[in-house]
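A lone chain, given as structure tokens: the form predicted alone.
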Amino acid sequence: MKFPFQNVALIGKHKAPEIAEPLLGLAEFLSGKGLHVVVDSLTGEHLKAHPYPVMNLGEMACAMDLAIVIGGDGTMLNIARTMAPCHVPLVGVNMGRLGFLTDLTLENMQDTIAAMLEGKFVTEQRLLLSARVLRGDAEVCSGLAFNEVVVHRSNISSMIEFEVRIDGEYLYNQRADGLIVSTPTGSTAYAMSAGGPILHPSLDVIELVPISPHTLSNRPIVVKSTAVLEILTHRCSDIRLRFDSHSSYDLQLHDKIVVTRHPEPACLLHPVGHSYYHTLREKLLWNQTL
């Protein structure tokens, strides 16, 4: 991470024209502090004429010192996968629903970001997953996930069958609607809905959560982050691999999915005093009395 920040990327929620006013206001604020502001090209399609240079995400990735994302958690997932390999820290401003990853608000973003520019922030590293699909000896697909890699059925009429191995050791055969391989960040997303445990994001682990398994003895399991996970498809007529629900790939019988920890983590910046437990209480409504 390069600090102090000089080149700042501004990225808004895709196809959300309502981000124009706060994003341009933030751009003016940052420019007034002498920073070089660049706007994401897709975001720029929803903005009126402005004086800021425009770049696509791929061009931005290794040219920026900081990326500020105005949107929801879904927007952050996509941006994190792009920025992580170039060690670009991310700040999230929430315009979505839950906001586990976007902890600033439109009302406090300028004051909070001003403090961050002075070095008043908390840095957090978040684990990413890398997945490859092997068909015979050939790699036919690969991708990154910030929340989860999911193997699931597309056809609602039948279960899928697959085998799971960890570091080469057989774990189980499974008949289920699918399997979620989740990071600690993703433990409050699809994995939680499927009955998985909530994992603190600082934990260096990966969790496997079956989706509606046919055998009730099948339960989620948490393994070390250095584990090599292999999922072999044994019976499938319509099965897919998904990365954070943003992209997917159609699998074939006997495909092998290999999931490992990505070598580069995503870097999130939070305001001083940020508390993950406070976020849980607020977002999951644990602070409400019955």
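Each residue number is its position in the shown sequence, starting from 1. Please read all numbers here as calculations on a predicted model, not as lab measurements.
Keep in mind the form predicted together with another copy of the chain is missing from the figure; the text below concerns it.
A residue is said to contact a partner when one of its heavy atoms sits within 4.5 Å of a partner heavy atom; Thr105 fails this definition for another copy of the chain in the model of the complex, lying far away. The shortest heavy atom separation between Gly72 and another copy of the chain in the model of the complex exceeds 4.5 Å. Within 4.5 Å of any heavy atom of another copy of the chain in the model of the complex lies no heavy atom of Gly92. At a distance threshold of 4.5 angstroms between non-hydrogen atoms, Ser41 is out of contact with another copy of the chain in the model of the complex. Checked against another copy of the chain in the model of the complex, the candidates Val222, Ala63, Leu253, Val54 yield a single residue with a heavy atom inside 4.5 Å, and that residue is Val222. With the partner omitted from this view, the residue of Leu144, Ile211, Cys141, Leu127 that lies near another copy of the chain in the model of the complex is Ile211 [heavy atom within 4.5 Å].
No residue in the set Asn7, Leu47 and His262 has a non-hydrogen atom no more than 4.5 Å from another copy of the chain in the model of the complex. Residues with any non-hydrogen atom within 4.5 angstroms of another copy of the chain in the model of the complex fall in just one of 115-123, 133-141, 202-210, 74-82: 202-210.
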